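First, one chain by itself: the form predicted on its own, in structure tokens.
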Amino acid sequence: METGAGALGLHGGAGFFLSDLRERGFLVFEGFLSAAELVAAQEALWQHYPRPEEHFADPAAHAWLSTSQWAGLIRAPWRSCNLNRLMFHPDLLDLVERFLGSADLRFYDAELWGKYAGAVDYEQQHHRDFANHTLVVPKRSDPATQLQNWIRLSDVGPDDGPTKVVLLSVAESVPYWPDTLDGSANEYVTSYLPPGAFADQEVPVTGPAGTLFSFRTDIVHRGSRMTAERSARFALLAHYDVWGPRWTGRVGWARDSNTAEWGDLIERATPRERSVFGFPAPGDPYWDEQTLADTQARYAKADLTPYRSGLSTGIDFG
């Protein structure tokens, strides 16, 4: 059966979608899933979440969803192949391959995310996601090396807590660190932009179930409050980058790299010790004036002098 993306010409219209990603930093593609794919995935959700009518009939019976705004995140793999196979949907792989410029893709994370109005306040400050997707910072002089993809499994309107994004061109002057604009990511960053800094420029990502929302890890965005009564929203998150020479392991260190403990470890470690976690070594082409300055901002007490040896030429965004 032809998928929704194939039916709407993702392969033939790849240039349009890649242009959105490269110029705006994100894309929104309605009708990515076929009707059959969407129905099967939606039905499979209830193996992990209460149906909305069940939740709203007795929220206390599902108190686990009220412990934090992240409570509804469930890491893959899941109990249904109808959900699992969406993580590597052929049209998704095609888009990611074209954007990242390599067929040697690494699938590095996937989660389901369920949210229910009133369970918790889902409002967020503007932030970037790269902080727990990489140990260092994005390199501005290179094309993006990671792509996040959210497949919406429910309709999302203006009152359903849509993600709000800021165009890449609007926020490109904002420093990479702190990754959140209110300093709340961890204990050792400070505020430098007030809440609501992009209130007049952010774009709400709305659309029907089956929509694909793809975005770079350095896009400024935020989650918003669910204001519609008895609203529930669900998404499947699938994130990709390109395999490098470090192809084995059981732990993705970037997942916990926002913690104070991680910061202390990296700041005290030697270059050799950092390298065993995947941190770029001195002399790696990754290093230039921009990445050095931003990584120093991220790990303020770290001695990064060794990384200046043989520093590659690049643009100074410091």
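Each residue number is its position in the shown sequence, starting from 1. Quick caveat: nothing in here was measured; it's all calculated off a predicted structure.
Separately, the form predicted together with a small molecule exists; it is not shown, and the next lines address it.
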Practice item. Consider the chain as shown here, without its partner, and state which of D91, D129, D109, D241 has a heavy atom within 4.5 Å of the small molecule in the model of the complex. Key: D129
Review point. Which residue, W78, F99, Y176, W150, has a heavy atom that falls within 4.5 Å of the small molecule in the model of the complex?
Key: W150
Check your understanding: With the partner removed from view, which of 168-176, 214-222, 135-143, 79-87 is the stretch that lies within 4.5 Å of the small molecule in the model of the complex, judged by heavy atom distances?
Key -> 214-222
Practice item. Would you check, heavy atoms only and a 4.5 Å threshold, whether W113 touches the small molecule in the model of the complex? Key: yes
Review point. Does W46 reach the small molecule in the model of the complex if we count a contact as any heavy atom within 4.5 Å?
Key: no
Review point. Closest heavy atom of Q124 to the small molecule in the model of the complex, within 4.5 Å or not?
Key: yes
Check your understanding: How about W64: is it within 4.5 Å of the small molecule in the model of the complex, going by heavy atoms?
Key -> no
